[in-house]
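First, one chain by itself in structure tokens, the form predicted alone.
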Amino acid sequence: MPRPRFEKLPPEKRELILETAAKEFAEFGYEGASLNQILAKAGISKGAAYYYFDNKEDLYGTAVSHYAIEMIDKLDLDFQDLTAVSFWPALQTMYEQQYTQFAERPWVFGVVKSGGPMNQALLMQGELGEFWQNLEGMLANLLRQGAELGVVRHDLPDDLMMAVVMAVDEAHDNWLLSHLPEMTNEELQAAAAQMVGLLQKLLAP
């Protein structure tokens, strides 16, 4: 996680550094990304960078945390009054919102999927740890709600259901990332329907 001096930078400077890093990681992957290129494009020296981050991995983790949390915060999620009829359409709407965000700023999606090191300690601490806990809690509640409405199966252990959803989501995201540059709005909506269709086939009773 970034050092305290990073948080004291003006917001626009912090955003410039993180956006520059995210674009580099998204384009070249974690291994191929150049820390020197990131620093040069962001207009900071290598010496100054170590006032803000421990190393390349620290910068990567900060960028992923920042944009992963931002993506979820921008979604309009309201699953309080779902019915058996509205459950799957509401889920599709959520994916449509998410995929629209991806198309508007593909590098945000790219950095989250760029394959850098995210150790377990990093995933469990600070804002990112809270983010993942909230996300997993929301998903678990959504599955339970679906089971209560009779539109999600309840014959499998909760942790297995979670693992299935996360695995399908990851696989579809990786497919989407490779096709995103040429996709139209209609194709993005079709991709959201495709994703929810996969989940429904696996999770419906």
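Bear in mind that the values here come from a model prediction, so they are computed numbers and not experimental data. The numbering used is simple: start at 1 and walk along the sequence shown.
Just so you know, the form predicted together with another copy of the chain exists too; it's not on screen, but the next bit is about it.
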| query | finding |
| --- | --- |
| Per-stretch contact check against another copy of the chain in the predicted bound form, the hit in 154-162, 54-62, 39-47, 139-147 (non-hydrogen atom, 4.5 angstroms) | 154-162 |
| Sole residue of L35, L180, I69, V168 within 4.5 Å of another copy of the chain in the predicted bound form, by heavy atom | V168 |
| Any non-hydrogen atom of K8 within 4.5 angstroms of another copy of the chain in the predicted bound form | no |
| Non-hydrogen atom contact Q194 with another copy of the chain in the predicted bound form at 4.5 angstroms | yes |
| Partner contact for K201 in the predicted bound form: another copy of the chain, 4.5 angstroms, heavy atom | yes |
| Distance direction in the predicted bound form for the C-alpha atoms of G29 and E170, relative to the displayed form (3 angstroms or more) | closer |
| Cα separation of E31 and H179 in the predicted bound form versus here, shift of 3 Å or more | farther |
